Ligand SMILES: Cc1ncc(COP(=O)(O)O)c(C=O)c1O
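Here we start with a single chain on its own, the form predicted on its own, put down as structure tokens.
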């Protein structure tokens, strides 16, 4: 028998792991509500026409199926540098950009390059967190350390807790803003405090801003790199969410390196990029027009998300045993559930809910065992009628349990 490595056996990804039991009950004819994955196009959102047309044009022109530049198409990197320079008041060049097959590949490159397992390297991550940061930190032999996001303060960063967890082994601080899984949008003051700590301790910042155009509150939340001239920042972003192309798998990272400490690091990232050959050539060519094309779909997307966030917040808080904060951005809401003596943990609750109602939520401890426990995450992407139907089933389930 071929035995898999322990590190691979230890991988857990609650967002998709819950699909396995859901598919089993779906096979038996039960209606299933998949509220687990942040894919807008599974609901009533669609890719903007100008991007579809660009993709069709590229395919019709032919000669787009070849391997591209490992670092990414030059015209796309030019468009990305222009956009990030404008947003963050930077001076990035195309050599400061690496295009990836979705932001997930970028995180994989980043943590694989950052962590030296034998040194016990620590990655400081806001908890609850998008699971890949915790899972890949462990996979590469590092130690994920979560700092508290304060639920009572709209899931804002607990800066004192963050600072107390910095050690000589801390390699980087990760900030996800707008936040997955909580839907929080961090204030400028909070971000400035994180930057100040990073500057004082000489720590690299990793900023995941994949939802940066999907803010539907009135809060102003600038890009993290715009707040510092002295701290090295590695930015992660992409087109999946704001441009409604999750299946195109097109992301990128950029290096803002005022102190020149990332030169060798970037070269190692490029080695990993060469190892996987290149991102998808036709999709790179199509995405180069994303930032320069019509942007009206973003306003419409945020209008829909706000209405649905307001509904989800109100309806979930009406359910006995469930409380939640209102999301301000991204695709998610992260409610707390009173487990009482009915369920031993949030995973058991979510599996029981799937079995009895067909409503699929990832369990909160899958987003961090400490700060995510006793919660679950739901997308706010479905039409209100679908959410009403699903949340009604959750309401009945809680009443009868």
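Positions refer to the first chain, counted from 1. Quick caveat, the model's predicted, so the values are computed rather than measured.
The form predicted in complex with the ligand exists for this protein as well; it is not shown, and the discussion that follows is about that form.
Student: Look at the candidate spot formed by 102, 130 and 240 and say whether the ligand comes within 4.5 Å of a heavy atom in all three of them in the predicted complex.
Tutor: Result yes, every residue of the spot touches the ligand.
Student: Please pick, from 165, 326, 249, 306, the one residue with any non-hydrogen atom lying within 4.5 angstroms of the ligand in the predicted complex.
Tutor: Among 165, 326, 249, 306, a heavy atom within 4.5 Å of the ligand in the predicted complex occurs only for 249.
Student: I need to confirm a contact call. Of 283, 195, 176, 233, which residue comes within 4.5 Å of the ligand in the predicted complex, counting heavy atoms only?
Tutor: If I apply the 4.5 Å criterion carefully, the residue I get is 176.
Student: Given a 4.5 Å cut-off on heavy atoms, tell me which of 210 to 218, 290 to 298, 156 to 164, 184 to 192 is the interface stretch with the ligand in the predicted complex.
Tutor: Residues of 210 to 218 come within 4.5 Å of the partner.
Student: Taking the shortest heavy atom distance, is residue 180 within 4.5 Å of the ligand in the predicted complex?
Tutor: Yes.
Student: Using heavy atoms and a 4.5 Å limit, would one call residue 371 a contact residue for the ligand in the predicted complex?
Tutor: No, residue 371 is distant from the partner.
Student: Can residue 332 be called a contact residue for the ligand in the predicted complex at 4.5 Å between heavy atoms?
Tutor: Yes, residue 332 is a contact residue.
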